[in-house]
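Encoded as structure tokens, the following chain is the form predicted on its own, with no partner shown.
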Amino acid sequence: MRTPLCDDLGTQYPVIAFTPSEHVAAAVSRSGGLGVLGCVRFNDPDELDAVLDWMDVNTDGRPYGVDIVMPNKVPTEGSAGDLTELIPAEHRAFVERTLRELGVPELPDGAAGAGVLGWLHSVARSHVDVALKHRISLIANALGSPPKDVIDAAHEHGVKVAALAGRAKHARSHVDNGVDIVIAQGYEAGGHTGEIGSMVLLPEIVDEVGDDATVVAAGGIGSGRQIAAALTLGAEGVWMGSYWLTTTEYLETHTKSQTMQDALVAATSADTVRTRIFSGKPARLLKTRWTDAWEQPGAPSALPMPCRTYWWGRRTAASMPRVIPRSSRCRSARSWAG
């Protein structure tokens, strides 16, 4: 299973693994794919720098990449303190009331910490600056084309740039902006999705930009059969994200929540919901008592990015293992190639 994407990225297989865990990313890269580390969780650039130092050492010289969250247009944004002030009182009251009803205890004093600042444009730019000091092969952007100066800087370092697209016209815009790899992300995806299913979207994007850029498929891909289908539809590779949340490396080094991972493994295709409550943009989550609460009459509407994700922080994220069901089957990220 080799395509031109493998030659472009220096991999053995045309599989790109997006994950917030450096241990999962490194395991995939060592096994012949391309591990891509999600940078949004890093509030401190020095922490990201240290993790990428670890990636440099623990990928056995194999290529790896990073994923950032950066809009093409530079937004007007304030400090974290300013964002906190933008959270309406009704949202604060609703969340605290809901968590109490779900039996989630308060975190100890001082344990809540800051929310995720990586959704801020300025922080994402610091992620790029840090990443380009390391031996990355790819910068992927979750919000479309990065600004032109970021694309130019990546190319000056010999780094490919990828961007997700939910429509053919978005793919064309990415290529016109200088993006090398278009990730055709269908409605089935776990990340920020559009309205078009993968079976329809992928050939549309291949027809639109396949002669000018590399097209990679994303959305609902979690098996060899689905990888083969994506290649048949014209993709040169696949981008997989949710799949890696169920690996032992992710459990042991990142989430440390067996309950959360068990719920992911036990879930069926009918057990998810597409909602804006996580980040302010449409994303796919497991149905839980938490997601149910936001669907009830009188629940506030989702806040826009980045306010929503910043405010989530550890307080609400800590509630997830307590509001989802339980069962257990996971595998190692090292075993995917077999």
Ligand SMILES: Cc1cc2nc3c(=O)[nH]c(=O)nc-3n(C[C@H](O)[C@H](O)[C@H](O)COP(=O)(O)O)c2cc1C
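Computed from a prediction, not measured in an experiment: that's the story for all the values here. Sequential numbering from 1, following the sequence displayed.
One more form of this protein, predicted in complex with this ligand, exists but is not displayed; see below.
Novice: Is Thr246 part of the interface with this ligand in the predicted complex - any heavy atom within 4.5 Å?
Specialist: Thr246 lies outside the contact set for this ligand.
Novice: Just to confirm, Ile277 within 4.5 Å of this ligand in the predicted complex by heavy atoms?
Specialist: So Ile277 does not count as contacting this ligand.
Novice: Even though the partner isn't displayed, in the predicted complex is Val69 close enough to this ligand, meaning a heavy atom within 4.5 Å?
Specialist: Judged by the heavy-atom cut-off of 4.5 Å, Val69 is in contact with this ligand in the predicted complex.
Novice: Using heavy atoms and a 4.5 Å limit, would one call Glu188 a contact residue for this ligand in the predicted complex?
Specialist: Flag for Glu188 set to yes.
Novice: If contact means a heavy atom within 4.5 Å, which one of 150-158, 201-209, 85-93, 232-240 is the stretch that engages this ligand in the predicted complex?
Specialist: Only one stretch passes the 4.5 Å heavy-atom test: 232-240.
Novice: Which of Val182, Ala142, Ala124, Ile139 has a heavy atom within 4.5 Å of this ligand in the predicted complex?
Specialist: Of the candidates Val182, Ala142, Ala124, Ile139, Ala142 is the one lying within 4.5 Å of this ligand in the predicted complex.
Novice: From the list Ala171, Val215, Ala218, Ala131, which entry has a heavy atom within 4.5 Å of this ligand in the predicted complex?
Specialist: The residue in contact is Ala218.
Novice: Would Phe18, Val40 and Leu164 all count as contacting this ligand in the predicted complex, using a 4.5 Å heavy atom cut-off?
Specialist: Contact check passed for all of Phe18, Val40 and Leu164.
Novice: Relative to this ligand in the predicted complex, which residues of 197-216 have a heavy atom no more than 4.5 Å away?
Specialist: Going through 197-216 in order - heavy atoms within 4.5 Å of this ligand in the predicted complex - there are no hits.
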